[in-house]
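We begin with a single chain expressed as structure tokens, specifically the form predicted on its own.
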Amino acid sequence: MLRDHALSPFDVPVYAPGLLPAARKAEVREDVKRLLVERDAVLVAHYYVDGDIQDLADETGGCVADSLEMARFGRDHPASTLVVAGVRFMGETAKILSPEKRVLMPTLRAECSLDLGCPPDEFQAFCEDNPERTVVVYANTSVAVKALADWVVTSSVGLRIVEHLAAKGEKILWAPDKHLGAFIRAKTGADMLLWNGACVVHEEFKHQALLDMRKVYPDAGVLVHPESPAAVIDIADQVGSTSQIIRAARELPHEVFIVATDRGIFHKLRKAAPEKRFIEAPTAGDGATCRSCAHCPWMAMNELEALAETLRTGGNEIRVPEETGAKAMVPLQRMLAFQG
């Protein structure tokens, strides 16, 4: 059963970042490096943002990671200011785990279709209609939704946590990604009531087009994020989170990979396995509605000059109400304790 609240693809912004001349780009990069030191700040970036920003994070002692590892790195780093290059829920998660730190973002306009498609008031009503169920929410949700949950999970640990809960006989209310929820339900056999949300990037990968591509590259491995439709997942050689996809690219023997996740990850994939070739999984095909195919338009809003500007001005600060943040900390800490 699905609770129907999928975000229409036509609600998604069309965003094309500007291109900086090489000389200006070099100048801005140096500004960012200097400002990070002056502001006692560290840069944490998601795998899907611009490669120049990922490189800056690596070069300045920050990190490039998935959303939870970004927040955990920021929590454990001595810097008093965290600069989060990603989408809004990632900044909020960093603030939840580091309430005493200042958390800035290059832009506060960078949203997430999973977050937007799960409004807190409607989700609260959903929970109240199903009080007998354990509430498990994906990390791609607002702080207000996390505050309503019993558990927060990521794509890397969600399956193990649901398996653990199902073994205890618990029935689960899952939100917001229906594809990830269905994947976990199929793997675990858990009783899961699913919210009807989806990622506007991953939902657009096409089963038949991917089969056609495999005919062109018969020896290629297929790496798929579990936010993708089930028919796409079924073709995969490896299904996993962003970090698991990167590890698979290094470890699997294939020389060519077709990758069904946001193409922002290609920057890290090429650095992790420079001898291998990576090809975007197809998003075109019958029924395509994509306005953001293979790259999140909100992630694209993280631009180099915007990063420098937020460091200069201290603007775009993430603020989380203290009581809501404290409630959201509980399911987050429960996941962290489970991971060990």
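No experiment lies behind these values; they were computed from the predicted model shown. Don't overthink the numbering: it's just position in the shown sequence, from 1.
What follows is about the form predicted together with a small molecule, which we do not show.
Peer 1: So in the predicted complex, does N302 come within 4.5 Å of the small molecule, heavy atom to heavy atom?
Peer 2: Outside the cut-off, so no.
Peer 1: May I ask you to state whether E204 is within 4.5 Å of the small molecule in the predicted complex, using heavy atom distances?
Peer 2: No, E204 is distant from the partner.
Peer 1: May I ask you to check whether E227 falls inside a 4.5 Å heavy atom distance of the small molecule in the predicted complex?
Peer 2: Residue-level check for E227: yes, a contact with the small molecule.
Peer 1: Quick one: does D66 come within 4.5 Å of the small molecule in the predicted complex, counting heavy atoms only?
Peer 2: Within the cut-off, so yes.
Peer 1: Exactly one of T107, S241, T188, S98 has a non-hydrogen atom within 4.5 Å of the small molecule in the predicted complex; which residue is it?
Peer 2: Exactly one listed residue reaches within 4.5 Å, namely S241.
Peer 1: For the chain shown here without its partner, which stretch in 167 to 175, 136 to 144, 72 to 80, 204 to 212 has non-hydrogen atoms within 4.5 angstroms of the small molecule in the predicted complex?
Peer 2: It is the stretch 136 to 144.
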